[in-house]
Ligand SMILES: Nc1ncnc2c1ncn2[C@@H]1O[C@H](COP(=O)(O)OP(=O)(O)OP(=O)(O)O)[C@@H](O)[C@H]1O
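First, one chain by itself: the form predicted on its own, in structure tokens.
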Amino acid sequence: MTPPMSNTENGDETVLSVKNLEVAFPVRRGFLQRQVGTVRAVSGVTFDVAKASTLGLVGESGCGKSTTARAILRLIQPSGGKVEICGTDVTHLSERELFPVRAKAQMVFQDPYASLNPRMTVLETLREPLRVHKIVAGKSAETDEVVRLLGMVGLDPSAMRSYPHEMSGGQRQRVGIARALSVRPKLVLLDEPVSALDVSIQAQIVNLLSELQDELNLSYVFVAHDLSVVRHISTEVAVMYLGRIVERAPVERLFEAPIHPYTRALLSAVPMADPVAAKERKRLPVLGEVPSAQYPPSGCAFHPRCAAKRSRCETERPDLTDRGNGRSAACFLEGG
């Protein structure tokens, strides 16, 4: 069986296409730093993202979701597979050939302080990509464009004179978003963009991202571990475990009827505002810790932690297969 058709296969414009993406890191030891093993951080990841849609990429820490996002933009070199951004295969492009593609795809990072140069004002930070990619010409036009960008992300023009340490975390992340939008991209990869912020600020940033998507027809890959945030902003969700996608579905279908035991366990741990419903909900335990990516388990990678495992799960690895209604799952169990 094959994975279900995504909305891009149904006629929508494909902005991002990832096919069998692989990222492996060598493990070196000793004085001569000889390679003694390999960590397969991403293994066979495949998905498409359509214009003006959002793919939520979720999973525990260490599952490979951030590595996937970085490999898409070639911040990490893929070991295999194919990545197309707006129809251009970027997998093996040189840095010079990548330059025009980088204006089409940008990233917003998790830590809004570490991702900004502490020695540059907001004006300098936002003016730099405008100059590098020749978006506008002349200092006056650059300043006007910076003012426009600040307004788009809800910041006063006076913020352009500030340094990162003079701003709050939410303000810094708005600057990071403005910087990503400065080159007018079609695709934005968001690597845990709200996890370092206060809860009240998280909601503001997520709402801002939704508004910008509607206004600019942006496509997002939203990397997160907070499933409530993912549900609010995503069109489709892909659940990763130990470098692989184990379930993919339209957002509401995944939350209403998850198939994979790992997805069910993640959803059972999402906090609920209603204390009565939270008390009645059955928690599904996940046994043990995430296995080492250097020494993955045989068969299904989740089987050592799965309460519903069968004997074949220990020896056979399930493929991501079509389960109907736009859903797919890598599991031998029937369900959903």
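What you are looking at is a predicted structure, and each value in this text was computed from that prediction instead of being measured. Residue numbers here begin at 1 and follow the sequence given.
Separately, the form predicted in complex with this ligand exists; it is not shown, and the next lines address it.
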item	value
Interface membership of Gly62, this ligand in the predicted complex, 4.5 Å heavy atom rule	yes
Exercise: Ala293 in contact with this ligand in the predicted complex, heavy atom 4.5 Å	yes
Residue contact check: Ser66 to this ligand in the predicted complex, 4.5 Å heavy atom	yes
Proximity of Val45 to this ligand in the predicted complex, heavy atoms at 4.5 Å	no
Residues Val39, Glu192 and His225 all lining this ligand in the predicted complex, heavy atom within 4.5 Å	yes
This ligand in the predicted complex: contacting segment from 45-53, 298-306, 66-74, 29-37, heavy atom within 4.5 Å	66-74
